[in-house]
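Here you get one chain, nothing else, as structure tokens; it is the form predicted on its own.
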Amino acid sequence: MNIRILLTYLSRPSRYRGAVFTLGAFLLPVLLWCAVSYVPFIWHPMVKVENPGGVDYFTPGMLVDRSEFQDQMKEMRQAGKPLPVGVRANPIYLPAPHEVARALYTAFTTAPEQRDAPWLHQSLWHSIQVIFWGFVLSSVVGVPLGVLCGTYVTLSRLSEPFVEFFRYLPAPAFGALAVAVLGIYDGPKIAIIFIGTFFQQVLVIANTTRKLDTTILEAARTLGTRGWRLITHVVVPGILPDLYRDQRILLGWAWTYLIVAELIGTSSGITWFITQQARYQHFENVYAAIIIIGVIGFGSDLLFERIGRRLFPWDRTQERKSA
């Protein structure tokens, strides 16, 4: 009983330390962002006009370069006209944290400015569906092929050279072809996600399969296990924790193709929201949407990690990571 208590006590510092490091990984960039946003002498290359004075083209709230503002002050002083008044500010493309935080709230509570435009949560749901179907279709084909290539040398030599060649081709380059074949709606978007992850998936999973201890395969073959039974009863159970981890990583790659994929054909999803907000220079909404994508991706990865610990309690890799 005392040993159990001691082991529990010793395990706590590593958990707390991991939580502190995780918090610090997010806190440090936010603190840097706050410093750049709220401390004028750190950057602030612009001046926000509060009173235009004698400058004809200045208007209240206008952002101008500091050098231009100083030149105009000098000219107004020499001409004996009222001096403009302004405060140092950052460019419009770098909103302050509180502005982005307010946009995160109002994006879900305020109707879109454009009539019949989807709400942010509707755009997000549409993007999640594109990611889901593109990655599921990629996995349905890529996972079995990767396992087979990693198990059988002949199949690997037959298919992997083409896969290696194809994975260097940028997936967005097939956008026009995908639109011509699949139309202008979600079909080409799902195809880009598929192309962007499938070939990587085959190679990663094949490499994971090759890492399976060869003595296990030799023992299975010695006992007469061949063909499909070798795959389903020996190979797949042996690589399942690593296979699950590979899928988590590859799902992150699928998210990186989302913005490009949704620009093909009709603009839709979270990409439509971002492009519309950038067009009207509502960059706080752009940052809010980008942060939401990160939160969804990171949150889903943490969820899958916890599920993996429940599904594969014997996997020592998770223990080393948590320590």
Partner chain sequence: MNEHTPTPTEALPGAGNGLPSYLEQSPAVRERFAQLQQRKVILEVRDLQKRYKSLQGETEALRNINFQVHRREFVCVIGPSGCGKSTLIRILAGLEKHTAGDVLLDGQPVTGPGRDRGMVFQGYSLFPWLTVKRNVMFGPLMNGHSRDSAEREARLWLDMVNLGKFADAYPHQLSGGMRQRVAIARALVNEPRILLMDEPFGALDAQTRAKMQRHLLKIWRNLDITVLFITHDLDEAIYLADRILVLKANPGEVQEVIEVPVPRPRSPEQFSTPEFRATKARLEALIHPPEAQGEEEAEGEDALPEKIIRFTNVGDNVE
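Residue numbers count along the first chain shown, from 1. Here the structure is a predicted model, which is why all the values come from computation and not from measurement.
Absent from the display: the form predicted in complex with its partner chain. The rest refers to it.
Enquirer: Is there a non-hydrogen atom of residue 84 within 4.5 angstroms of a non-hydrogen atom of its partner chain in the model of the complex?
Expert: Residue-level check for residue 84: no, no contact with its partner chain.
Enquirer: According to a 4.5 angstroms non-hydrogen atom cut-off, is residue 184 in contact with its partner chain in the model of the complex?
Expert: Output for residue 184 is no: heavy atoms all beyond 4.5 Å of its partner chain.
Enquirer: With a 4.5 Å heavy atom cut-off, would you call residue 80 a contact of its partner chain in the model of the complex?
Expert: Taking the distances in the model of the complex, the answer for residue 80 is no, it never comes within 4.5 Å of its partner chain.
Enquirer: Under a 4.5 Å heavy atom criterion, is residue 225 part of the interface with its partner chain in the model of the complex?
Expert: Residue 225: yes, in contact with its partner chain in the model of the complex.
Enquirer: For the chain shown here without its partner, which stretch in 227-235, 191-199, 168-176, 122-130 has non-hydrogen atoms within 4.5 angstroms of its partner chain in the model of the complex?
Expert: Looking at the partner contacts, the answer comes out as 227-235.
Enquirer: Using a 4.5 Å cut on heavy atoms, which of 147, 220, 104, 76 is close to its partner chain in the model of the complex?
Expert: It is 220.
Enquirer: To verify the annotation, which of these, 158, 117, 92, 216, has a non-hydrogen atom within 4.5 Å of its partner chain in the model of the complex?
Expert: Among 158, 117, 92, 216, a heavy atom within 4.5 Å of its partner chain in the model of the complex occurs only for 216.
Enquirer: Does any residue in 244-277 get within 4.5 Å of its partner chain in the model of the complex, counting heavy atoms only, and if so which ones?
Expert: Stretch hits: zero.
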